[in-house]
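Shown next as structure tokens: one chain only, the form predicted on its own.
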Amino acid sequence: MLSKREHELVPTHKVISHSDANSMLASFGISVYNLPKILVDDPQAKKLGAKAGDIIEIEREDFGKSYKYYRHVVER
């Protein structure tokens, strides 16, 4: 049986490298503090082994198109 984190409706999450994060932030002209937050103890962050300061990329599909969202991992 699949866990809730592995269900087909849960979008793909991954921690991106610092260089990819810096490129993404520069392309949007924002700082890491402008991103929505995700707690370090969130089930997906835990599964990925994310640490405070990391950025998680979330890829969702809607009507055949792929969209990327980003979250800044923070402590409680």
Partner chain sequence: MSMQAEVIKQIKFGIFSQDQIKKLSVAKLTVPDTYNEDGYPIDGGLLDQRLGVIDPGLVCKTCGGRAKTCPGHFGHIELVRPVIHSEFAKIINMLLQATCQKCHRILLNNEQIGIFKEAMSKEIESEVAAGDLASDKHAEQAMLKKLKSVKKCPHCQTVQEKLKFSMPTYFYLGERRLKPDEIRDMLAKINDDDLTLIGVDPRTSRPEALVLNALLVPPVDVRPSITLETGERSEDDLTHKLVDIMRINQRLEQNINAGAPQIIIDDLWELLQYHVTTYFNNETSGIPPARHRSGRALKTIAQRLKGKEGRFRYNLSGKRVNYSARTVISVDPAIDIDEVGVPSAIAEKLTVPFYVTEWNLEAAKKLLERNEYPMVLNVVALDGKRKRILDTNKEELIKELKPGYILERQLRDGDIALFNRQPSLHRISIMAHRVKVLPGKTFRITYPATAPYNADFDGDEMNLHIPQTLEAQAEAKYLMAVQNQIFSPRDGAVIIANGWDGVIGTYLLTQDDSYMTKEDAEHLLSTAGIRELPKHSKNGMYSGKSVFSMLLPKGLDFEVPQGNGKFVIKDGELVEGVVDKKMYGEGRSNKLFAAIVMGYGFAALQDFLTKSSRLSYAFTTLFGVTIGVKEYMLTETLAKDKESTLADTQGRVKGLIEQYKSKKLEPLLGLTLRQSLEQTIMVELDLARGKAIQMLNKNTDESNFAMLMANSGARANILNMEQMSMFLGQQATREGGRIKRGYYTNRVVPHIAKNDSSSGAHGFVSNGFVDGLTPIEMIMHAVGGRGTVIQKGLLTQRSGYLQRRLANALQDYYVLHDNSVRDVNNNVIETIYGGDAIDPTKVEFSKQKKE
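Numbering follows the first chain given and starts at 1. Predicted model, so just to flag it, every value in this text is computed and none were measured.
Note that the form predicted together with the partner chain isn't included here; everything after this is about it.
- Although the partner is absent from this view, L39 stays clear of the partner chain in the predicted complex, with no non-hydrogen atom inside 4.5 angstroms.
- In the predicted complex, the partner chain lies farther than 4.5 Å from every heavy atom of K14.
- By the criterion of a heavy atom within 4.5 Å, H18 is excluded from the residues contacting the partner chain in the predicted complex.
- When contacts are judged by a 4.5 Å heavy atom cut-off, G29 counts as touching the partner chain in the predicted complex.
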